[in-house]
Ligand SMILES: Cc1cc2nc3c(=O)[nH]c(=O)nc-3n(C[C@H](O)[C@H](O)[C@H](O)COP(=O)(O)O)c2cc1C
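Only one chain is shown below, in structure tokens, and it's the form predicted on its own.
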Amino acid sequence: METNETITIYYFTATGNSLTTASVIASRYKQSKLVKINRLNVAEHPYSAIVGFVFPVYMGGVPPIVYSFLNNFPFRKDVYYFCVATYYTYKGNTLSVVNKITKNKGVCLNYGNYVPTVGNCLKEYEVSAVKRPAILERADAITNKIADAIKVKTDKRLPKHCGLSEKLHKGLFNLFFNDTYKKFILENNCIGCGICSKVCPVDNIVINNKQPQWGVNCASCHACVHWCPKNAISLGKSKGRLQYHNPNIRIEDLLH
């Protein structure tokens, strides 16, 4: 049953897991708005009684683009805030970092939770097609429970922040992903369609002479690798690995 309260959910997504989660939560409300986090700056935001942030866990922490977004977000004290992070095998300290940011802003993060789903970091691993349906079914069940909890404005005790843990996870991310933009390999079967440029959440890819060129502001999200219709983009050991995007999401959904 829908509620009359207003909700705005800010999301960051590459292959659609976090957008699917955000959409399920938003479906509980008659007045809802989904806003994509796709720049390193924050524009003015309309007031909503409920505000959420949904994004994937990156190397046990908050993606840099989301971290910057939250640190510049105009938080208000009369709002119910929640955060939901999607992940594959490791949660890390993600929620505690978001909780720290909101406390520093003088507001309360009322609720936080995680949704385990299909991982998409082809540079490091591949999730077999056989395993995906069961993972996604579990993700759907957990997401619906989270949506129900948020609808009744559940308050949930969040983990304490550990500065050492945050520093460690940031260090690991920088070690493995800071120079991702240098490591993309383009295969000969590229057709110059420009889809990689369109799905890039940080507008880091330009098409020159029908071929993509990556700038230095890569978010290490792997969207370009997964959405390429010819599987012509590889990164690290990703060549030959099975592409993935959440079955609920189309390319068109990422472009709004």
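Residue numbers run from 1 along the displayed sequence. This structure is a prediction, so every number in the text was calculated from the model and none was measured.
Omitted here: the form predicted together with this ligand. The next part is about that form.
Listed range touching this ligand, judged in the model of the complex by heavy atoms within 4.5 Å, from 101-109, 118-126, 158-166, 75-83 | Heavy-atom contact with the partner occurs in 118-126.
Given that the partner is absent here, does Phe177 sit within 4.5 Å of this ligand in the model of the complex, heavy atoms only?
-> Output for Phe177 is yes: heavy atoms within 4.5 Å of this ligand.
Verify the contact flag for Ala14: yes if a non-hydrogen atom of it lies within 4.5 Å of a non-hydrogen atom of this ligand in the model of the complex, no if not.
-> Heavy-atom contact with this ligand at 4.5 Å: present for Ala14.
Evaluate Ser48 for contact with this ligand in the model of the complex, applying a 4.5 angstroms cut-off between non-hydrogen atoms, and reply yes or no.
-> Close contact is absent here: in the model of the complex, Ser48 is far from this ligand, nothing within 4.5 Å, heavy atoms only.
So in the model of the complex, does any heavy atom of Tyr88 sit within 4.5 Å of this ligand?
-> Judged by the heavy-atom cut-off of 4.5 Å, Tyr88 is in contact with this ligand in the model of the complex.
Taking this ligand in the model of the complex as the reference, which of Ile205, Met59, Ile65, Val199 has a non-hydrogen atom within 4.5 Å?
-> Of Ile205, Met59, Ile65, Val199, the residue with a heavy atom within 4.5 Å of this ligand in the model of the complex is Met59.
Scan 212-229 and note down the residues that get a heavy atom within 4.5 Å of this ligand in the model of the complex; none is a fine answer too.
-> Heavy-atom contacts to this ligand in the model of the complex: Ser220, Cys221, His222.
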